[in-house]
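Okay, so we've got a single protein chain in two different forms coming up as structure tokens, structure 1 first and structure 2 after it.
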Structure 1
């Protein structure tokens, strides 16, 4: 019995079907939409590539600049994958071979090439972004032009921004300073630029009332911009003498070190109002709860969605996402700036209608698809994939 089993094993191992099959239909071509520095190699899975990583390891990719070799290994991808991106020199021909690898066995190589990497002048995968950006920019500029012609534009009330004067006034009455924090935002973050507009407004009011303004910073570049903004704002009502450079200072670039520094300043100097405007991470709640514990009026504004619930829980007013970005338009009431908000609102309305229509279309399409009529579902999937490309 034992001999019979051994004989059967030998026959099975020697059978022609045991040989490892190479990947099928190997193709090498320029990687689309790149700067001309890579070639993408694609292939069909080897019949032995069945998803078992212990039995089938993957594919070995070899490259040469000559069809006859020598070929050198440039990469190895695990089983199940069917493409490889190879970084190469542009405008030079390359030949590829792909071999399947399963344990000690290696298949015959499957060849592809020649292929050449070339640069593209337009990233076609971003056509959707371009079209939507052009539409959005057109609408914003169009409304700005309408505003320039003197058209009256309505802007809804934003309580958090209306409360700026109240917060500064209360602090002044109590004889307490005001604190302003940008969080961990950098100057390249658009939300920090928006926060500078709010800082300017706060600083003007502080200068008018003679109230001390403290601006501890996490980023030295933001500190430099804040110093300029506050200095300029103090000059506007004719009180440049009240500006103290030391009040707009750098603390540290460490997240929790910054939170500890701000908390310490709050507990020692007891500001009457605290503004949290910019981008925040886990330090948001550490600072805003400390501000709440000292009884300060707190106004927060951020585009960091994860921190919004914390600010809503611990602050008196919170500017949610886009309200923060609209602050400069709201505070200045400049018609051109308001025009840009109007254009933004128009796109938002267009998107809301689009989403509602697509939701109805997708639901009906799903029902019809189950009834054997897939055309609506196909259209839905096509639109969805167009939006998701790039």
Structure 2
């Protein structure tokens, strides 16, 4: 039956005197929510546009900057679609014509225009992002002001950071140095920047206790940043004389060459505490096992989820994920850092609760929809669409 119907339609379209109908209600206008570089053309389907069951091919879109032409083809849309987005110059008028195409036949053109592309100052599809941004900024400023007034803002205890003083104190009592490794992180990595804040705190404690600090590096830029950080940290308690530039050294940019170099330093220097802070790969377990074999207190922290299990198994304390990023705020207690951390945590908690409620609501809506009550499912879909697209 389908083949017979297609054959009849082909004969009907090819019959003498049968004209191909043009698309109806053609409109051209500025594309909403864009930067002003496109025009969207819309039209109603031609009566001969019946999908795959006919010889109808699609629609030819013509454009000109003059109402009288000449018009040039700028696109072709297959049958069944009723819109076309044309990339154009902004603040310039264009005229459009749309033709239906079926085999060798084309319809009379349906005209639209003039249309001009202009930029919108606000993308209304991102209203949800704007609302969340305003809420986040308000909360951060509010918490910063509270911290400036001396109010105590609660931050969950992070055992690995609380153990910094213990690790430095033990190394001092044993007369052993402290080692700090950034792993294979680069200076552009956020986790490396967070590790520099921890290094500063460790270096201050080493200067106060007169403990030697060793910082072997894989990246030359990270080494330069580490030297500056350690030198400034030694100056804070008034002990710049204890700073030794050679202790913040460059080993090699080879992955396992760096691991071998760090292992050799640990076996020779026998540090009392080892800090692994940054981004690590397969060398993580090689270095942490060596530190464990010499009996050092080991504190690790990374955002590399593939290496976290190895650090947890071989180190005394491990900072997991965002605990690394919160380290500078946790150690320094600066009002601006505290306020930012509390504001971000509040928004994250709000989003987690919101997504959990949406999941429960969706499950209930699905059950009611299958039971013949689709209204709740429709409400859920509308709310979910707003959250996702504004």
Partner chain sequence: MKKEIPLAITFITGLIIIVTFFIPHQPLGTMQQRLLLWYSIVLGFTLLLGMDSLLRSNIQKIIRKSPGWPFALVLILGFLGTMAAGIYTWATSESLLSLGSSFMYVYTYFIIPLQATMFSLLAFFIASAAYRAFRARTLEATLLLITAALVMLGRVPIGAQISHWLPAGAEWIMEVPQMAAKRGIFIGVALGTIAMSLRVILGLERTYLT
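In this text the structure is predicted, and so the values were computed from the model without any measurement. We call the rigid core whatever largest set of C-alpha positions still superposes within 1.5 Å between the two forms. Positions refer to the first chain, counted from 1.
Visitor: Is the form predicted alone structure 1 or structure 2?
Guide: Answer to the question: structure 2 is the form predicted alone, whereas structure 1 comes from elsewhere.
Visitor: Please indicate which of 312, 68, 345, 136 marks the hinge of the motion between the two structures, where one rigid part turns against the other.
Guide: Checking the domain motion between the two structures, the hinge sits at 136.
Visitor: So how many degrees does the small rigid bit swing against the big one between the two structures?
Guide: Rigid-body rotation of the smaller part between the two structures: 26 degrees.
Visitor: Please state the CA displacement of residue 130 between the two structures in angstrom, with both forms fitted on the core.
Guide: Residue 130 C-alpha displacement between the two structures, core-aligned: 6.8 Å.
Visitor: Quick one: CA shift at residue 146 between the two structures, core fit, Å?
Guide: Residue 146 C-alpha displacement between the two structures, core-aligned: 3.9 Å.
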